[in-house]
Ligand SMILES: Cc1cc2nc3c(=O)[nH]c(=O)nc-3n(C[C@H](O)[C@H](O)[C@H](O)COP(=O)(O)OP(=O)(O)OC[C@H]3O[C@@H](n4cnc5c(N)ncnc54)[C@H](O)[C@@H]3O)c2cc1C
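There is one chain below, alone, in structure tokens, taken in the form predicted alone.
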């Protein structure tokens, strides 16, 4: 029986583990990997204390810090289901079953991918899923944002501070999003919008060089020279295993008490990108992870 089981090994989960260990909680952390969205970031320049660091290197530092504490880590293991019976949580994974008094879900989110040739090969070499993380890699260059809607438009506008030209590539026949954003896009001479575009392939040598896309109306194959690609077509959240123990927002995120990270179920907490916090940033995920662990500590004191 554990005091706490943490599900997920991203910045929120690792930080929660560190704080739980410091509070001498008997803790198990279960994660399929210690990479996540941070690990695939080309360069991180907005995490305090590091002027610039590769995402994977930062995750290694996080994990090394965690391993200095007395905490049980089950890596390469995936949670399939959690349920609560008589105030005890049962966590079923693809490897076994575990029991705990409390749980923190920090399973994060995975970016939705294009699933086209070249996408995986150039990940970290021009392909990114995070504008805020990797915008400096295209400074003074040409970038493409694949995806419309508010997220795609906001990404395009943010890149105008760095790039000499930005393409917004939209599969649909028109770009959607808030009217104020569309007006800003239309008035910015750096931004070019391409609609009815079906991306077929990403090409390059050591780094991204071009996008191959098909015009959905004319069926013509086009080549577009770019130095960086930001995929903004949404994200997939991993929360199915929580079933009816949590309440989800319209975006599929776990609703939490912003002060304590508590969910609707006593003893069940959530932190990081899987929760309905406004900003999805590494430093914020770490803060939420710390907050959730301290909330668990206070909760356990009350139920003893």
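Positions refer to the first chain, counted from 1. The model shown is predicted, which means the values in this text are computed figures rather than measured ones.
Another form, the form predicted in complex with the ligand, is not on view; read the next lines as being about it.
Residue heavy atoms within 4.5 Å of the ligand in the predicted bound form occur in exactly one stretch of 114-122, 100-108, 219-227, 175-183, and that stretch is 100-108. The closest heavy atom approach of residue 129 to the ligand in the predicted bound form falls within 4.5 Å. Contact annotation: residue 46 falls within 4.5 Å of the ligand in the predicted bound form, judged by heavy atom distances. The closest heavy atom approach of residue 133 to the ligand in the predicted bound form falls within 4.5 Å. At least one heavy atom of residue 13 is located within 4.5 Å of the ligand in the predicted bound form. Along 60-96, residues 77, 78, 79 each place a heavy atom within 4.5 Å of the ligand in the predicted bound form.
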